Ligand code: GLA
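Have a look below at one chain only, the form predicted alone, in structure tokens format.
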Amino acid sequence: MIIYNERERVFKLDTPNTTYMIGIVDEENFVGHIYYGRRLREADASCLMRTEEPPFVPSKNNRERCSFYDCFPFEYPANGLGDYREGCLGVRTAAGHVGCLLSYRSHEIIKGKPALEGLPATFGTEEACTTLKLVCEDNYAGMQVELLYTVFHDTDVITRSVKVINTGSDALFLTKVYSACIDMDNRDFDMVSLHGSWARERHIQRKPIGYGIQNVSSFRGESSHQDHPFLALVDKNTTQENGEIYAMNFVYSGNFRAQAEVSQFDSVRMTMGIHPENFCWKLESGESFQAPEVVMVYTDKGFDAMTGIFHRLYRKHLIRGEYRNKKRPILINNWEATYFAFDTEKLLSIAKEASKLGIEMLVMDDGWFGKRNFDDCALGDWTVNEDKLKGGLKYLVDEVNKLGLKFGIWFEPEMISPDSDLYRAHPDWALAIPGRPGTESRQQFVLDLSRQEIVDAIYGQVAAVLRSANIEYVKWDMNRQLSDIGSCGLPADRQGEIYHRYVLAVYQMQDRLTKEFPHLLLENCSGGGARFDPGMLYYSPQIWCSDDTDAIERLAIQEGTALIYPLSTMGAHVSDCPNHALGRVTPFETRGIVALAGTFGYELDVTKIPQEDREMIPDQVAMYHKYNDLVREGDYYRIASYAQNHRYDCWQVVDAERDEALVTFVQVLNRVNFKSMRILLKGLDENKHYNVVFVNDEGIEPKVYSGDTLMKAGLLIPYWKGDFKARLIDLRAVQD
């Protein structure tokens, strides 16, 4: 619900449990942030902008206009005129001047949610959401800025995006366009973010914020392994079950900055948007620039509530396509099984054994094209290597289909190898700075996707392969960051557009792919989890979570990922041991249980693993089919964190009716001479009784407990001998 109080000049945006308020002040129509928090009945909080105290508004005290700019809680602050905090908008005129200040011009309240041209974004019907378009202007710079706010009626989410329009006669240069800002009083917040590196993505970090700027960011051309486009400010006492959280997540897959700045007056400005490093967008007269979307969540009920809000929004209002609410096929990928050493006979031998065990799809990974026998060549040559695949791709796919399996394939469409036919024919197709030696990574360069002819050529190659056989799954990979940011297809004054144009091109290609092949299951990947973000989820319902498939390492990775993203989005496989990344050995049973909290599949040579492991696969397949609807659609709760306690991990999913629940408990390290572990379950109906079954422990008899007892008194988990043990606990409501 969105209302405008014309007398008070206040906008009030209400979700089911929150209120967001914006005020227009003074005769110059400054746009200020009033309030974001628990839902208010009345729109009477405009005093929070403090315009009735020094330095007052400029119409009352123009001699201190600069001081006003430097403390007013701007709804969308610009820079260069006296607000010395981090601004959201940077503009340089054709004359080289900087400085911008926005004033309210008009507004429109719209049923539903407009799409963002060329960009992924959440969506909703006219019944599901309402949008405020707040039009601001700077007549001196010749510019309008449209601030879009969408309120979802079924969850506590407000999304924001920004469009900048050049209304003047000369070109403007945008040097910064953030998508969201909140100016509010600092309440001694902690900052929660997600950090990592290759093979250890999205580990949760929580730390106090102090005066000045603290941020997380990426200018690697991707959302990155290292930082994540998510930021939350939380009360010092916030826990899983209680406490205030202000969270932002960026629906974008490229460079970003998310930050909190505490000012001299103990206010905090929280911002998120495209990273301004090496960004400069030339905006000709009459043109517009659309910034990506930010998802904002407020709750006073702790991290479990925040997680539930994000999960419900993304399942219902972001993920699209045939597999949005559908069980995914159990796949086996040949990468860790064979690497590049495979041919048709080897793949069919894996497929034959896999089909006997209940696996449903074979995925052929890197090495099937050009002269690709190692990772040093042939990227860009997307033609089948028939020396490896005797009889061609269609023959292989048909034979796999005859075994009752679907077929999937790997691509890395954004890259080019120096040793490739494509590079020899078109060396100018790689991003490069003229006269400077190219920076290789994995012995490959990045294609210049800012040029439409290259986008069309690469998409044409990929689509031709997909048209040639019954391919039902694509793993889209990106194995290096961007560097050497130069394009021979753009003039000098547009070289600062490359990063963003690159991301737009990736979106364009994936949009074309999903429209031409609507039944295709697309899984994004970027050296594991370097591009696990909401922008990618708009095109693919699942993303490869990490190249680290070790079950114990995956606990922290999957915990951080599930803080924001539904379990159904997390690509998770059972892999061989010793683990290829770590050399660690964990029980096959534990590997299966940890992978169940994701899309579930296998990354191994099923013809070579120990017989006792192979014999477990049918039971794991049955387990997946029994619990996947619950895992995919249920509400997720974090009970314990191995990353924090260093001993055990525990999470739970519960169905919407509170009739079924599944608890996963992983005993990472055993302890000698201790009693059983007591855990408090969550999300149950306290008035129902549940039959509690330890699924993989026949020594524990099923018992019936009330939901009230399980949540308040707890459930005892006996210790197992040994480390790296996992249990599933099945709860089903019973008739009283």
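The model shown is predicted, which means the values in this text are computed figures rather than measured ones. Note that residue numbering follows the sequence shown and begins at 1.
Keep in mind that the form predicted in complex with ligand GLA is missing from the display, and what follows is about it.
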Ligand GLA in the model of the complex: contacted by all of 72, 83 and 261, heavy atom 4.5 Å: no
Interface stretch in the model of the complex with ligand GLA - options 75-83, 527-535, 386-394, 306-314, non-hydrogen atom within 4.5 Å: 527-535
Heavy atom within 4.5 Å of ligand GLA in the model of the complex - the one residue of 123, 651, 335, 342 that qualifies: 335
Of 137, 613, 365, 472, the one that lies within 4.5 Å of ligand GLA in the model of the complex (heavy atoms): 365
Contact of residue 442 with ligand GLA in the model of the complex (heavy atom, 4.5 Å): yes
Contact label in the model of the complex: residue 624 to ligand GLA, heavy atom within 4.5 Å: no
Partner contact for residue 544 in the model of the complex: ligand GLA, 4.5 angstroms, heavy atom: yes
4.5 Å heavy atom contact, residue 279 and ligand GLA in the model of the complex: no
Within 478-494, the residues that have a heavy atom no more than 4.5 Å from ligand GLA in the model of the complex: 479
